[in-house]
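Here you get one chain, nothing else, as C-alpha cells; it is the form predicted on its own.
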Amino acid sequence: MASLALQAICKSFGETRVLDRLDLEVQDGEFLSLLGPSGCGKSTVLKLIAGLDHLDAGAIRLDGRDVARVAAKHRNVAMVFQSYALYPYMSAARNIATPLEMRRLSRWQRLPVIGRWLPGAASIHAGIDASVRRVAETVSLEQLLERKPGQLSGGQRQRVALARAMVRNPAIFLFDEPLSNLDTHLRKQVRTEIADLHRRLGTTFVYVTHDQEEAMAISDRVAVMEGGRILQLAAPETLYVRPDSVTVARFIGDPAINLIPAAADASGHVVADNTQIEFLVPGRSARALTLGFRPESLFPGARAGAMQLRMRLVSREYQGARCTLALETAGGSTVHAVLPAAESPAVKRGGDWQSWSIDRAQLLVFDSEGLRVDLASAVAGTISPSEEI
C-alpha cells in the first residue's frame, strides 16, 4: 500500500494546457476516482502517475518520495487499460505472467523453449507459475488460464488484465476507464468485482471514468474534474448533497439535478417561480441566482414546512419500480420528479396544475458564477408564496 500526492502538476501538449497546477492527495489504501468529461485531463493524470508521460512542472510523491523523474518500471505502480492491452497470441496464463517474467528472468532465460533449461530458470518459472495460479484464483480465472484472449468474453479479458496488474503486487493500482468496452450488465458485474478486490487487497486504487454512476458506486472519494482542474474532491454522498458548484451538481445524479432561475429580493430572501423561500443569502442587493433540487426531493401535494410550487405534468416515463415525471413550472421551467411507480398515477394527466412540495432541507442555491451559496434560515421551517399562482 502507498499514499500518493500530486503537487502543482502542470502538463501541456503543444499550446494546449491540459493540467494547470493540479493538486491531489490519495490516502493509503483509498479507492479514489477521477471523474469528468472527455478531455478534462483525468487520463493524463493517470499516465503521469504511472510514468508513461512526463510532467512539465510539479511533483509526484509516492509515500513522500518524489518519483516524477523515476522510470515507470521502478515506481511499483500497475495500470489496467481500457483496451485490456493483452497479447492475442499468448494464453491468459502467459499474459498474467509477463510482468514477472520481465522482472525476474534474464533476456536469455526468456527465450522460447531453451530459456527454461538455462541454469536457475526452472525454479524462477515455478515461482512465477505459482503466483499466476494464486492471482487467477483471486479473480476466478483458474479454469481459463490456457485460453487465448480471443476465446474469452469481455469480462474475462478484463479479469486477465486485472490479474496481470495484481501479480506484481504493486503499491498502487491505476485504472483507465477499464469498463468502457463492456455492456451494461457486465460493467455492473465487473465494477462490483473491482470494489470487492479493493476491500480484500486494501491497496490504493486510482480509477478514471466518465461514468458518474460508476464512480459514485465504488469510490471512497471522487475528484470531479473539468478543464484540467479539480472542481471538488469529496465522498460520493457529499458531492450529491452539497456540490460546490452548478457544474458538479449537473455532473452528479441521474436524472440530473433540477435547476430553475431565482433571485435575491431587496430583503435578501431567495425568490423562485414567484415563491419566496425563507432563506437569506449573504448581502442585501437583488441579483441572479439558481435554485437547485434533486428529482427525488419533489412530492405531489402540499406538505408542511416544504416549498410549494404549482406544476403540471408534461410526460411520464415508466421504469419498473419507479417513474420519472417531466413537469412544467408556472414560470416555464422544466423539472423532473422521481416517484415510486405505485404513487405516480396520483399525478393528474391532461396538463392540470397541481401543488408540489420540495423538501426544504434539500434545496440548493447557486450564485451568478455558479458557486453554491451558504444559506441562512430566516424563519426556521417557514416557507411562503410571494403571490398566488
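From 1 onward, residues are counted along the sequence shown. No experiment lies behind these values; they were computed from the predicted model shown.
Not on display, but discussed next: the form predicted together with a small molecule.
A.B. asks: Using a 4.5 Å heavy atom cut-off, which of 327 to 335, 351 to 359, 41 to 49, 60 to 68 contacts the small molecule in the predicted complex?
C.D. replies: The contacting stretch here is 41 to 49.
A.B. asks: Is Gly29 close to the small molecule in the predicted complex, meaning a heavy atom pair under 4.5 Å apart or at it?
C.D. replies: No.
A.B. asks: Is Pro345 near the small molecule? Define near as a heavy atom within 4.5 Å, in the predicted complex.
C.D. replies: Result no; Pro345 lies far from the small molecule in the predicted complex.
A.B. asks: Even though the small molecule is not shown here, does Val18 get within 4.5 Å of it in the predicted complex, heavy atoms only?
C.D. replies: Contact with the small molecule, yes.
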